[in-house]
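A lone chain, given as structure tokens: the form predicted on its own.
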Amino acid sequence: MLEQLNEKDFGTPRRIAEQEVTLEIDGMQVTVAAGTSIMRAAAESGVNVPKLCATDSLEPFGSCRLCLVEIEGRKGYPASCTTQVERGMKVRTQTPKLQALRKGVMELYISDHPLDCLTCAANGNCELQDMAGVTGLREVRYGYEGENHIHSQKDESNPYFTYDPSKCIVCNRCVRACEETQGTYALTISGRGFESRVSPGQDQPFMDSECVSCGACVQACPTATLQEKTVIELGQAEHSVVTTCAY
């Protein structure tokens, strides 16, 4: 039996404030601290909004566009991770329009992602895989005939983890973890538009960068872009325990 520590991820960090805000999410009255994101408020009330770039150990970024919601009286579909709650706000997280938008976004992600889930080291522990299921994605209309990153070269220079740019969705979580969690600032996003990819510097391998191999980026990565070499060699862990980091 697989026994792992799967703590609930609320999407954005907890906010502490004396003032509280009451709003309505999918017909439910929810009261949270002022400054809380809609995503966090929904998660605390038992409503899980799909997400890829958001995690409660990092400040919200709003790049993946999976967590879109509808707010009564507002135009468009704001990202729930970067939108703070307001008194009297009425939010809908599950509608046919939102489902169609999220499925379309996931289809674009998968159209530039290797379809090797069964042999991927992150199989069973991949947020991209999970979100494809959550959004109900069953087919991808776009083929690999056009330009893509599928054959990007893997960087295995670091002794502890590998970097596979073909699986990168440019969610920025690794870059933000390197900055916010570790304070190393060893990673950045190089290139613009379609050429954007995580980089440890100007065309240099991880081994020659400022990386200190702390593992914060690997922990934050929602795909197999950054993966521990031991997981690749031995497979997913059968169980997890809480311990103290000796680093």
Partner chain sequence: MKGSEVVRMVPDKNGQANEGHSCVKGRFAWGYATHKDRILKPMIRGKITDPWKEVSWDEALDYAAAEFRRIQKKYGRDSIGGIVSSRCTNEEGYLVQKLVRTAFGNNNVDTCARVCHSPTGYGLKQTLGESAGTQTFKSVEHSDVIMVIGANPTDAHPVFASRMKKRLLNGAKLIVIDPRHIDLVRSPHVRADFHLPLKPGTNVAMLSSIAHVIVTEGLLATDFIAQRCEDKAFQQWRDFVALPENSPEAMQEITGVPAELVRGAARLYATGGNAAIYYGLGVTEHAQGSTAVMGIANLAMATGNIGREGVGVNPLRGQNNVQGSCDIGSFPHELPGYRHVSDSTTRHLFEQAWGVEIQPEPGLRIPNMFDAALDGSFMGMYCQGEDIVQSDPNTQHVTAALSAMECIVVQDIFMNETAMYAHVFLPGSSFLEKDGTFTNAERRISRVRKVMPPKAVYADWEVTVLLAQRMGYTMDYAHPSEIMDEIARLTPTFHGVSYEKLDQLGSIQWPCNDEAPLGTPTMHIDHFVRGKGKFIITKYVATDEKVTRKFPLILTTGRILSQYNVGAQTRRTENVQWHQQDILEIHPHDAEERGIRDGGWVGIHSRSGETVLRAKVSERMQPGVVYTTFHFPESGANVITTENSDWATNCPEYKVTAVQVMPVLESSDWQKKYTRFSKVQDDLLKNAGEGTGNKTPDIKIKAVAKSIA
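Positions refer to the first chain, counted from 1. Remember, it's a predicted structure, so these values are computed and weren't measured experimentally.
We do not show the form predicted in complex with the partner chain, though everything after this point is about it.
Between the options Ser45, Ser63, Gln219, Gln204, the residue in contact with the partner chain in the model of the complex by a heavy atom within 4.5 angstroms is Gln219. The partner is absent here, but in the model of the complex a heavy atom of Pro159, alone among Pro96, Gly133, Pro159, Gly73, sits within 4.5 Å of the partner chain. Among residues of the shown chain, Tyr185 is one whose heavy atoms approach the partner chain to within 4.5 Å in the model of the complex. Gln19 falls outside the set of residues with a heavy atom inside 4.5 Å of the partner chain in the model of the complex. The partner chain in the model of the complex is approached by Val212, whose closest heavy atom lies within 4.5 angstroms of it.
Residue contact check for Gln84: none of its heavy atoms lie within 4.5 Å of the partner chain in the model of the complex. Residues with any non-hydrogen atom within 4.5 angstroms of the partner chain in the model of the complex fall in just one of 30-38, 64-72, 191-199, 175-183: 175-183.
Proximity of Asp112, Cys117 and His151 to the partner chain in the model of the complex is absent: no residue of the three has a non-hydrogen atom within 4.5 angstroms.
In the model of the complex, Glu7, Lys8, Asp9 are the residues of 7-22 with at least one heavy atom within 4.5 Å of the partner chain, listed from first to last.
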